[in-house]
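Taken one at a time, structure 1 and structure 2 that follow are two forms of one protein chain, written as structure tokens.
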Structure 1
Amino acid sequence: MTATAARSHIHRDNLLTRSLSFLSSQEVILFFVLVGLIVLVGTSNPRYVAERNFINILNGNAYIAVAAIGMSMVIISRNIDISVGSLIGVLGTLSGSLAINGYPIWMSWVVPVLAGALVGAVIGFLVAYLRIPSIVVTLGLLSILKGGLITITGGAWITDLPKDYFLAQIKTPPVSLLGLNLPEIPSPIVFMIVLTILAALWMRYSMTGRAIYAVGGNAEAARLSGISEKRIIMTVFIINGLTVGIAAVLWATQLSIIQSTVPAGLELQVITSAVVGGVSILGGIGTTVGAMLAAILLSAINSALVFIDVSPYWFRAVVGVLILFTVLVDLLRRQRSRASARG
């Protein structure tokens, strides 16, 4: 793993390659796949592209896209977090418990986010300072959170939530812009887009953001150039905790009930979004924009499969093929740009 990373890093350091791969990037490819899918399904059933369904496609995986922001950074720094699904469950329950126990609504929205950051700090500390591999830490944490959630809630659902609690059901007021009537946009979509763009800008232009790529690409070189690897990894996991916290609040405030079971396979969906979005598991490359597009694409496929009457029995097989397909396209593209950079 180390060797491959180092090798590909040599190529990446080439300025020309870098700019080329930016132009024909995974984000652009994903965008076209998404558009292609929408056009294809939309022609067979125009309701698929109707405004309402379009917003639902964006909204459906918005919380996953938010969690994928932090996950992208974690993976870019050459770590992984497989506890996100359980953490979303725990923080969502925390949020709901605060709300039904009479705490102010804003607290039930903010406290889980801070708690997420705290958990992130603990993971970061164990990974960066005590040098336990992140997959081990989060594998352990996964069972601790999953079991702990049941122990504390006793398996009961949270119902009877106060009326103002439902953050994810708030919509933007209808706006008329340049004579166009913009639709009411649910808040998760706003969170998804704003946070993704902020994170992308931060990663591209801030010192710390760039240092994440450096640590993931080549930790040794990063250290030599004066970057504190430990501090960066710590930061990455705290940010991941924050985004998971926000995702958890969006998840919990979407419906009138909060389940005390952790959604099965949620962590895989978040990781899938990040890697399909072009975040290399070997660290060092990828962006949050790609992860967001991938999350939307997965949601669009889910919806499309209902629309075009594919047997739901085959849904997961289609998802698997899709992941392979996007990764293959990405690899071929990278090889070509590498080849042309050499030539």
Structure 2
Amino acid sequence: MTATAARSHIHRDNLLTRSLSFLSSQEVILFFVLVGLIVLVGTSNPRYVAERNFINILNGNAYIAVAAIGMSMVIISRNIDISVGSLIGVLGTLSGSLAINGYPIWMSWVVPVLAGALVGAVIGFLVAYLRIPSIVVTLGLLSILKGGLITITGGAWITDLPKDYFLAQIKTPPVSLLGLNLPEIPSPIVFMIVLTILAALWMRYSMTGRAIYAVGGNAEAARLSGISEKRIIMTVFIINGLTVGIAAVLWATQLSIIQSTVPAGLELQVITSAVVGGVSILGGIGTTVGAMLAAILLSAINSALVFIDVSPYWFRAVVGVLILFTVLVDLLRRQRSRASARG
């Protein structure tokens, strides 16, 4: 075999390997599962594939997908935040309270985001510098936030919100693009897509983003490479706080009233979106794009149960199966990777 032929053969092998790797990625698998679900349920009930329902599916879990951006980074760094649902409830209540007490509308949007970043910084400090496991810190914070919110507000409803307050109800105007007439897009979908893309690019191409993967994959090796584990942990929790703050504002502004309570099971939905999206619970692996697709898939499944007349209580069972299946696949991939490295 000539040198040119050998190089051509190696190039084809590399191309085939990259293609197989791409097709087996969690993001591609989720995309095809989502398409398959739409086709299957749409065949059974054509109303499922109506434009309005598509918008509702995307919009339904958009704020969860936004929160899952920060959660993905936290889990990739080999940590976790189980207080995210309680924090969304508290920050959403804070946002509504500012709006009805005469503060400028922009403050009711910005202050919760900054407050979320501050809470994230406190969590990051306790985890990074005091070496308290993140699950312990956030479990304690969950109880503090949930109990404190009910104690202070009594679960009261926040009503009479200013008409300019409802950020999540703003829609883009319909436009024509490449011969296609695009409908009005609710702002949560715009936030979800834009923030996911920015986060994915930052994680892939920035030094800090790559350092997050390094710390989550092997903290000792990262330290020997000159990466500050403490700085990275602080960074991911602050970013997580920012995304939770944005998610809280989107959650609070989607309806005309706000109930001052913690949404039930919200932290599970956010963590599930990250894990099912391919973020390894053992750290070092995953993308924000996968988390977004998983959030959309969960919304699509929840909607599908309604259209095929299945009890919505089955949704939690489906979520449990997805979590177990995803974790099992991740463990098998890691075992195969280690076996290949030894071989």
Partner chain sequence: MNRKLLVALLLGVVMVLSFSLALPVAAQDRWDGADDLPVNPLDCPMAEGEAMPEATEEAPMDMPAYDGGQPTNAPDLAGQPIVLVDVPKLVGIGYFAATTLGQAQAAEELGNVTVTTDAPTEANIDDQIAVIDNYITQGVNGILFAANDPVAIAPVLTRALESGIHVVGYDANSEPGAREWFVNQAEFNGIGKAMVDSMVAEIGADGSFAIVTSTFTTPNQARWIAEMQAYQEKCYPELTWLETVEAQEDNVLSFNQATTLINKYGEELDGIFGMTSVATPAAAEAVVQAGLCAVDAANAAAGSPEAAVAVVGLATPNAMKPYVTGDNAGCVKSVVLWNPVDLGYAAVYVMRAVVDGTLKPGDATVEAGRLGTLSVVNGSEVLLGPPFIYTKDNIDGFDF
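As the structure is a computational prediction, the values presented were derived from the model and not from experiment. C-alpha atoms forming the largest set that superposes within 1.5 Å between two forms make up the rigid core. Residue numbering: sequential along structure 1, first residue numbered 1.
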Query - Form predicted together with the partner chain - structure 1 or 2 - result: 1
Query raised in the report: What is the C-alpha shift for residue 327 between the two structures, rigid core superposed, to one decimal in Å?
Result: 4.8
